[in-house]
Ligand SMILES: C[S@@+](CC[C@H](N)C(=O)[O-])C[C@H]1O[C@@H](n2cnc3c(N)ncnc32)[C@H](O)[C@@H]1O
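Only one chain is shown below, in structure tokens, and it's the form predicted alone.
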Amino acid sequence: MEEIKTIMQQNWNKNASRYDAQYQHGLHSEEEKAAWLRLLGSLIPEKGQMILDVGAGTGFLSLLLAEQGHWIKAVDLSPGMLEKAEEKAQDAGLIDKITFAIGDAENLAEPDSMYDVVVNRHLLWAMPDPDRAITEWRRVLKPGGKLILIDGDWHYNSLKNNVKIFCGKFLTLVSERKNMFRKYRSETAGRLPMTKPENAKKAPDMVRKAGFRVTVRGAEEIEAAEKRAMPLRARLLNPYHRIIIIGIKE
């Protein structure tokens, strides 16, 4: 398990400089940013919350939440990603609102019942032990605290989506001479439980079993804004929908 985490840490360090350039990872328009701010404001309407951003990456959620007046601790396994996040916070004048720390999402060096909210985005798939991770996130939440997992229905296979993805790969091949038909094989990803469709679809139930009261919602405004910022080939390659799992600690 530690071997997997070391490999992933190295991969994220290599990808840190170009991570935000990827669609659905960074912000690509002011419309996207406004939509994200509205979404986060509806998910966390309370002011001045203590928030732990687990798997913070280049600070996508941390910066938006700090801009809304919350106090953030951003934790990530990758020093390279956190270095990029800290640079962005400095440039945005938000450095005093965010504390950065290298850490393991499954083994947090945080006190019990410390935070009002724990958030993450596109993280659960990367957990070697997702049940342990969710239990750990619950541990650091105050009673009645909120867990917000922003993810996607990446594994909901359908003919319609497959046709769109094929067309997107073809357009990418023609326009960029980039062969996306070549299958990417990752031994590491194959060892992560949540990369398997049968497990990924159970995520809300996993959160519920960990001791949360769970609701699930979509993010249609975010998806629409993201797609308007994408060229056609990227829209076709990303036909999926976001899923937001909200858990209240019971």
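Please read all numbers here as calculations on a predicted model, not as lab measurements. So that there is no doubt, residue numbering starts at 1 and follows the sequence shown.
Below: the form predicted together with the ligand, not depicted.
Note to self: the ligand is absent from this chain, but in the predicted bound form, do 12, 103 and 122 each have a non-hydrogen atom within 4.5 Å of it?
What the structure shows: Yes, the whole trio is in contact, each within 4.5 Å by some heavy atom.
Next item on the list: Select from the listed residues 89, 117, 77, 140 the one whose heavy atoms reach within 4.5 Å of the ligand in the predicted bound form.
Entry: For this set of options, the contacting one is 77.
Next item on the list: Could you tell me which stretch in 140 to 148, 104 to 112, 162 to 170, 89 to 97 has residues with non-hydrogen atoms within 4.5 Å of the ligand in the predicted bound form?
Entry: Stretch with heavy atoms near the partner: 104 to 112.
Item checked: Touches the ligand in the predicted bound form: residue 72 (any heavy atom, 4.5 Å) -> Flag for residue 72 set to no.
Check: Is residue 56 close to the ligand in the predicted bound form, meaning a heavy atom pair under 4.5 Å apart or at it?
Finding: Result yes; residue 56 sits at the interface with the ligand in the predicted bound form.
Next item on the list: Classify residue 23 as contacting or not contacting the ligand in the predicted bound form by the rule of any non-hydrogen atom within 4.5 angstroms, answering yes or no.
Entry: Answer no; every heavy atom of residue 23 is more than 4.5 Å from the ligand in the predicted bound form.
Next item on the list: Report yes if any heavy atom of residue 134 sits within 4.5 Å of a heavy atom of the ligand in the predicted bound form; otherwise report no.
Entry: Because no heavy atom of residue 134 falls inside 4.5 Å of the ligand in the predicted bound form, the answer is no.
Notebook entry, point to check: Though the partner is not shown here, which residues of 2 to 24 have a heavy atom within 4.5 Å of the ligand in the predicted bound form?
Noted result: Result: 5, 8, 12, 19.
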